[in-house]
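As a starting point, one isolated chain is supplied in structure tokens, in the form predicted on its own.
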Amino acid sequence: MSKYIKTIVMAAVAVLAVAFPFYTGAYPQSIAQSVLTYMILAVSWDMLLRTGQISFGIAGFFGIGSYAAVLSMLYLNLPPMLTILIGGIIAGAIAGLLGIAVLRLRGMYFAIVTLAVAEIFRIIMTNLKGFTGGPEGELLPQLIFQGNPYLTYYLMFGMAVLTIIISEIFLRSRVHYALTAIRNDEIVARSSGVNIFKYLVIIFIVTSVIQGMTGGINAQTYGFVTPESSFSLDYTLLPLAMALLGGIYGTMGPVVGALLLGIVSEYLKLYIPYGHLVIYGIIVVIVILYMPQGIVGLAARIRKAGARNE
């Protein structure tokens, strides 16, 4: 997608997103906030994927941020906005420690470890009943902004804008070339002076902070956390499916995929409450087999083919 088309599309989406709450009711706003949540997670997942590392730990860091935000408010009586930042910091700190240990793994080994870590933290939160509330979780005494739907929507929208800006900075800086070199050929990247391990750890921490803060915002918006909801597999599978559907290795792909699949997912949850994850899996398989570059990549190929025929 050309730079100008990409800019126009991004600007149009931003204008619609800002105006959206003023022309809709509470339920559409709730769906839009859910879409924004998954969009943030999809973009952050893609940012790490650009290194060639596939992570299945999105739900883990999202859940860590959720619990950190709620527990720091309950036990330390901190302001809600500060607890969201704490959620991101704790998720990033855990990612840093974990990254030092596991980022030397590649491919499915790294993916399996991240999935296992997410499950480990879910089990820990379930069993620390005296501290985390156990399987029942914890409730907040009040919602952020006293539950004002407009302010909570714009808080998540602001987080989405911040995530997109960070993603674009990575794409337009020297970091992009380093990540691409790592993904394509680590031997060549190392011989070119790229510190592979440093970049992997930095990206892993940054994406985990984003996921943790998103979890914190989500928890402060709905006012509760439980192991099953905060570490739900939805927060891993749906962002992954969105990024693959829209197109990977860029910002536009996950955004487009989130807008399309995010709306569809809400209806799937209503009509197939226990089978919607299967639909996500089918979408991933179809995209990988028949549209590996996603919708954005397909549109780019069609545009190039049309330009050659002119």
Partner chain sequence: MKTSKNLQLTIVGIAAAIGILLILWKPSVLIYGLQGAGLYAAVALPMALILGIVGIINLAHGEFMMLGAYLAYWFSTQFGIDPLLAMIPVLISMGIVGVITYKTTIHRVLGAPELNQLILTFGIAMVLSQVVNLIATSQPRKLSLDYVTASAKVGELSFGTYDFIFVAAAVLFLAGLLFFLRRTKLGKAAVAVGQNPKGARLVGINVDRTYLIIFSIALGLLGIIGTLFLTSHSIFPLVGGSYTMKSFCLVAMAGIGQLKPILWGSLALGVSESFIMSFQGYGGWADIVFFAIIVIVIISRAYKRTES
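Source: prediction; values computed, not measured. Residue numbers count along the first chain shown, from 1.
One more form of this protein exists, namely the form predicted in complex with its partner chain; it is left out here, but the text below deals with it.
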One residue of 169, 151, 162, 128 in contact with its partner chain, assessed in the predicted complex (non-hydrogen atom, 4.5 angstroms) | 128
Candidate site 98, 102 and 244: all three near its partner chain in the predicted complex by heavy atom within 4.5 Å | yes
Contact of residue 19 with its partner chain in the predicted complex (heavy atom, 4.5 Å) | no
Non-hydrogen atom contact residue 82 with its partner chain in the predicted complex at 4.5 angstroms = no
Considering only heavy atoms, tell me if residue 86 and its partner chain come within 4.5 Å of each other in the predicted complex.
-> no
Wondering, does residue 72 line up within 4.5 Å of its partner chain in the predicted complex on heavy atoms?
-> no
Could you run down 111 to 134 and flag each residue that has a heavy atom within 4.5 Å of its partner chain in the predicted complex?
-> 111, 112, 113, 115, 116, 119, 120, 123, 124, 127, 128
